[in-house]
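For reference, the chain that follows is the form predicted alone, supplied as structure tokens.
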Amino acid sequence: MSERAVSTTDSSRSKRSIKDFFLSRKVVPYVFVSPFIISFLLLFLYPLISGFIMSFQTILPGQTTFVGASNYERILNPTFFKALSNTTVYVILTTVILTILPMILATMLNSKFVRFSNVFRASLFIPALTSTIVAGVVFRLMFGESEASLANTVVGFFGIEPLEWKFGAATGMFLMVLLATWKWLGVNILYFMAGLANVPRELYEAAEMDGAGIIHKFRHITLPMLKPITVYVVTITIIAGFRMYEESYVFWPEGSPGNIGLTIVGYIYQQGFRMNDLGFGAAIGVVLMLIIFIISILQLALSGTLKKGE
């Protein structure tokens, strides 16, 4: 056999062995999960580690200085606590509203007495497709300070003087919660409707034969069967609430009076980019991440989701 033939045979064996290696059962799973692993490393783990390191630094153009825990010591200030209180109130309100209201509406839409439910399902999802910035512009016009604005016209029918919606703490919070409710209500309704689709009809029929009413069926059948969906909705709503920024920005692009609309993420943007204090902004971000993690774990533990076998 010539040297060329031997070389060709060795080359074909090498290619075959490489192909067999990548098609083996031990390697193929890692090949399929490699896009997730790479994206996780580049888009999550690397920024997370970089942000944590940055939180111990003072960063200026062309100059980086380690300052220890001084950035974390600076967090304990009235502005941060104002942002934390605003965010906490926002999270509580949105979690309650965007859990209870979608559950009730989904139960109503799932009822056999409601016609054209598919049309309602499609229409309720439209706000989620709308940009928050665009929706915020519309809301700012609706809740303007002039007497001719839609909101002041409506309250005028009840004898209430025109309100300066964006300049009061209560009305400002109302605007942010209302915008979030308008945008995400339909999405949460779809979550609950998907959960209701998996509830066996036989349970309701058996309850009706035993004389159970609507409230009794909702309490003893619907609520227990929707527990996994409820836990999921509550969890993502809490996380989204603490990460909220757009709902505040659309009403107060240059900052709210008395920080009535300041959120933790808004405070990060304010300090990190406007004030060019990236180290302090990173420290606030680390604290926010810890807050979200602790509250999410507590919520899952209280709901029983973390118990063994759940």
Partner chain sequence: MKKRSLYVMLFSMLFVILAACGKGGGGGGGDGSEDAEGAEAVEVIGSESKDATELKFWTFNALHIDIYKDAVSRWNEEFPDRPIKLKAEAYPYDNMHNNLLLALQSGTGAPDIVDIELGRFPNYLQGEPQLLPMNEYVEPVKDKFIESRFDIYSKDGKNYGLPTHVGATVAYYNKEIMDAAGVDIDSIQTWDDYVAAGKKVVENTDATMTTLETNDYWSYWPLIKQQGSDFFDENGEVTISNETNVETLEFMRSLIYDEKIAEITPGGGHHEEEYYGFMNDGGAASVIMPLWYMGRFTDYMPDLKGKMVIRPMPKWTEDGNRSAGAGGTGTAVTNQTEHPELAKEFLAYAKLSEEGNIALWRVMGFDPPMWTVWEKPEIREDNKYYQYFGTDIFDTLLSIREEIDSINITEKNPLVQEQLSTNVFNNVLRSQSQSAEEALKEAEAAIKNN
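For clarity, every value in this text was computed on a predicted model and none was experimentally measured. Numbering follows the first chain given and starts at 1.
Just so you know, the form predicted together with its partner chain exists too; it's not on screen, but the next bit is about it.
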Within 4.5 Å of its partner chain in the predicted bound form, do 92, 156 and 159 each have at least one heavy atom? no
Have a look at 164 to 172, 122 to 130, 193 to 201, 98 to 106 and name the one stretch with heavy atoms inside 4.5 Å of its partner chain in the predicted bound form. 164 to 172
Using the partner position in the predicted bound form, report whether residue 208 sits within 4.5 Å of its partner chain, counting heavy atoms only. no
In the predicted bound form, does residue 144 come within 4.5 Å of its partner chain, counting heavy atoms only? yes
Contact label in the predicted bound form: residue 26 to its partner chain, heavy atom within 4.5 Å: no
Any non-hydrogen atom of residue 35 within 4.5 angstroms of its partner chain in the predicted bound form: yes
Those residues of 270 to 303 which, in the predicted bound form, come within 4.5 Å of its partner chain by heavy atom: 270, 271, 272, 273, 274, 275, 276, 277, 278
